[in-house]
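Single chain ahead, by itself, as structure tokens, in the form predicted alone.
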Amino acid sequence: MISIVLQQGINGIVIGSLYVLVALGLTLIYGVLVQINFAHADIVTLGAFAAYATTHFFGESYVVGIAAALIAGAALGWLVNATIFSPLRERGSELLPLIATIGVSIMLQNAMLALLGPIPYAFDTPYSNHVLRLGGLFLTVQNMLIIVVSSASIILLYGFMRFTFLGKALRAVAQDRETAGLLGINSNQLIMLTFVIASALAGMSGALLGPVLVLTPFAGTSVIVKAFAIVIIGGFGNIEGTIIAGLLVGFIESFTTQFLDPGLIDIVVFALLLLTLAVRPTGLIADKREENV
């Protein structure tokens, strides 16, 4: 029984790490801009296909594929912000960028559908079948890579936001954009940086999710709903809350699969979401908004 609990705990960490990577980009954008990016799911999908193309068509290693997905996500984030979000923000409406994200999402989905077709792609890596035995516990090298890359990304992002000049400037923009501008901080450049970082995380999470999911142009939508739930449970714009909520949802999925029924996973997760909204609507960590990022 103890080995089963430990095994499911490891599985929960793997699942939670993937969810945290997806949700962190949403949290980062909301924390700085107070906006929701519905196109985030499609950047995850693009990252998965970028890693797939790099490894299967160009014969590169899977690690190179992860780097390619990160670069592809960052490039798309820069492009979308420069061509769509930045001009719409200057019009002073918070609704227009929100509507635009829905349009970008539909456009990207249909573009990938036209280019790649509806047939699912199987994304196998050399690490998926290599199993490590730790006593009575089992862990594939692929899952270990997921934990290592996710943990490193979370630590680097947290350190960047807390201890670097640019990170502190981002937090200042999130707190009060006008005052930050008076202090000589270029808010437009930092908003661009926010989109690039968030989209790079989304692309990299797609590369890690690719071997777990069946790749289609709609692959990212299968995880984005839970990512939104994680952001809400953790507290919109709160990085620490998102990390805790993501791991919590990972554990819930793992133990629900083992001890209840896989069909109950979504019911349990969204019951937690409703309970959080009823009892603590500000999320698990109820910081003030200026302390969120």
Partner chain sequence: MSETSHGADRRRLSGHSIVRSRHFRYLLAAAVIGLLPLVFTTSYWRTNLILCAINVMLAIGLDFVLGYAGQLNLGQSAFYGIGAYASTLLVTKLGIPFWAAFALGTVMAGAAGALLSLFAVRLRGHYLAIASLGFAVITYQILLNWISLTQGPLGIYAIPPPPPIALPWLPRIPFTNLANFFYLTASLALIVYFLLDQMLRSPIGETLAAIREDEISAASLGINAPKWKAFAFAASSAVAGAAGCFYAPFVGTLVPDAFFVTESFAILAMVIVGGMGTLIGPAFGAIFITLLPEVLRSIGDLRLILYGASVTLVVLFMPGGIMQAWRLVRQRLFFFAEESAT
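Positions refer to the first chain, counted from 1. What you see is a predicted model; the values in this text were computed from it and never measured.
Below, we refer to the form predicted in complex with the partner chain, which is not included among the displayed structures.
Chemist: Of I267, A53, V64, L260, which one comes within 4.5 Å of the partner chain in the model of the complex, counting heavy atoms only?
Modeler: By the 4.5 Å heavy-atom cutoff, the listed residue in contact is I267.
Chemist: Please identify the residue among L79, I147, V196, L96 with any heavy atom within 4.5 Å of the partner chain in the model of the complex.
Modeler: Looking at L79, I147, V196, L96 one by one, just L96 meets the 4.5 Å heavy-atom criterion.
Chemist: Give a yes/no on whether I244 approaches the partner chain to within 4.5 Å in the model of the complex, heavy atoms considered.
Modeler: Contact with the partner chain, no.
Chemist: Could you confirm whether I252 comes within 4.5 Å of the partner chain in the model of the complex, counting heavy atoms only?
Modeler: I252: no, not in contact with the partner chain in the model of the complex.
Chemist: In the model of the complex, does L273 have a heavy atom within 4.5 Å of the partner chain?
Modeler: Heavy-atom contact with the partner chain at 4.5 Å: present for L273.
Chemist: I'd like to know whether A68 contacts the partner chain in the model of the complex, with contact meaning heavy atoms within 4.5 angstroms.
Modeler: Output for A68 is no: heavy atoms all beyond 4.5 Å of the partner chain.
Chemist: For the three residues I84, G103 and V279, which mark the spot I'm curious about, does each lie within 4.5 Å of the partner chain in the model of the complex through at least one heavy atom?
Modeler: Yes: I84, G103 and V279 each sit within 4.5 Å of the partner chain in the model of the complex.
Chemist: Can you tell me which of 53-61, 252-260, 40-48, 222-230 lies within 4.5 Å of the partner chain in the model of the complex, counting heavy atoms only?
Modeler: Flagged stretch: 222-230.
Chemist: What residues in 34-58 sit within 4.5 Å of the partner chain in the model of the complex, counting heavy atoms only?
Modeler: Residues within 4.5 Å: V34, Q35, I36, F38.
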